[in-house]
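Quick setup: one chain, the form predicted alone, written in structure tokens, and binding and motion questions come after.
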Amino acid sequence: MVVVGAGMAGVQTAVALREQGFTGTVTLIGAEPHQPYDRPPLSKAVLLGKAEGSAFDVDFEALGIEVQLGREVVGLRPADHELDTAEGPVPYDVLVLATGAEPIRLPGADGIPGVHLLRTLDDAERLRPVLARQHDIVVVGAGWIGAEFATAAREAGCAVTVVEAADRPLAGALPAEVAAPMAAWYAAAGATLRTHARVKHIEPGEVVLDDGSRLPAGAVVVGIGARPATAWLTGSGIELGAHREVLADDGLRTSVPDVYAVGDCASFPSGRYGERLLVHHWDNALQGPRTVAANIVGETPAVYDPVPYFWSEQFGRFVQYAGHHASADTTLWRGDPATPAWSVCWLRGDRLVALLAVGRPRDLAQGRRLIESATPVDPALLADASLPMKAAIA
């Protein structure tokens, strides 16, 4: 067994194989030189110097997992059952692709001093002294990572301006009426949010917008999204989708025999939602490996069809989301978005299909179970924020 990628999805795959009884050799290959680590703390504790790292608490030696770090895989030859690396070929019997996603770079910004991404431990380490010096910081992109970094930068005492090309934060993730209340969080935290703002170019110490305005910037942090890290699969015969993600089936198998794909680098068909999902979140990288291991080790095929889940901590709020709202025909609010705690429910017919909870973790826990079970609910009771969500069961 060879697993490419030593992030959450790769590590959990290697561990799940052992837990489910795989007795052959397991090799985990990671491009970074660091011990495998968790990513969510990078935009929080690690960035603010509250933690030195976030290495996984896994005893690879005891589990009989060989970990090869600082080894970048550059190609795949399925006919030969071999990976290509700078250090030479690596043979496999069964291969799992868990290479994750890589940040989208701002055109024309590569090589400009003071421009940063936040994806790796090295990125976080480079940004720590920037926050410590309390620079004026411009964040490009008001998505999840942009909001989380802006939160950390404000906590560190930096002046923060967030520029977003769309008309609202989280434009690619949430409908306008749901994301709109979140815009006020920036000003309340002392950050400036500029929407309809596109970066024309970056100069040393300044960000120039397309309307000609100039923003002082001791540092620029780019958070405009991520794409699957699959460029190395070009010419391999692995079928890729429109976003360059690996097209896995419902058991997370790829189009090539003996090759699986899991985590941020792969999409999968969801029977629950009737469409293919590409989920770039931690819980997907945690859950998918169990299905992969079951299909490698077990005799009964396992199907991967989760209720997607993620969370974000921003501007003093704990934001959680479960499900997939694209297929919904009704939107219900629980509580007032002008208050610290509220939720939004999406229904298809009388079934809950997605939920956003701000400061209401009990809503998320109960709503997630309702989504998983496809239990009919009473919309009027569901909209009553004074009642627990389980009270809405029809």
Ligand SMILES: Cc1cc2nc3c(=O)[nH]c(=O)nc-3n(C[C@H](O)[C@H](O)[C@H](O)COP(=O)(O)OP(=O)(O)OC[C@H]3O[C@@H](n4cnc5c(N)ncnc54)[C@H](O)[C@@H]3O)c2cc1C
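Numbers follow the displayed sequence, beginning with 1. The shown structure was predicted, so the numbers you read here are calculated from the model rather than taken from an experiment.
Only in words, not in the display: the form predicted in complex with the named molecule, which the text now covers.
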With a 4.5 Å heavy atom cut-off, would you call A219 a contact of the named molecule in the predicted complex?
no
If you check in the predicted complex, is G30 within 4.5 Å of the named molecule, heavy atoms only?
yes
Report whether the minimum heavy atom distance between H280 and the named molecule in the predicted complex is within 4.5 Å.
yes
Taking any heavy atom pair closer than or equal to 4.5 Å as contact, tell me whether H81 reaches the named molecule in the predicted complex.
no
Counting any heavy atom within 4.5 Å as contact, can you tell me which stretch out of 382-390, 369-377, 5-13, 19-27 lines the named molecule in the predicted complex?
5-13
Report the residue, out of A322, A285, V292, V162, that has at least one non-hydrogen atom within 4.5 angstroms of the named molecule in the predicted complex.
A285
Please pick, from V307, L95, V207, L118, the one residue with any non-hydrogen atom lying within 4.5 angstroms of the named molecule in the predicted complex.
L118
Within 60-88, the residues that have a heavy atom no more than 4.5 Å from the named molecule in the predicted complex
R71, E72, V73
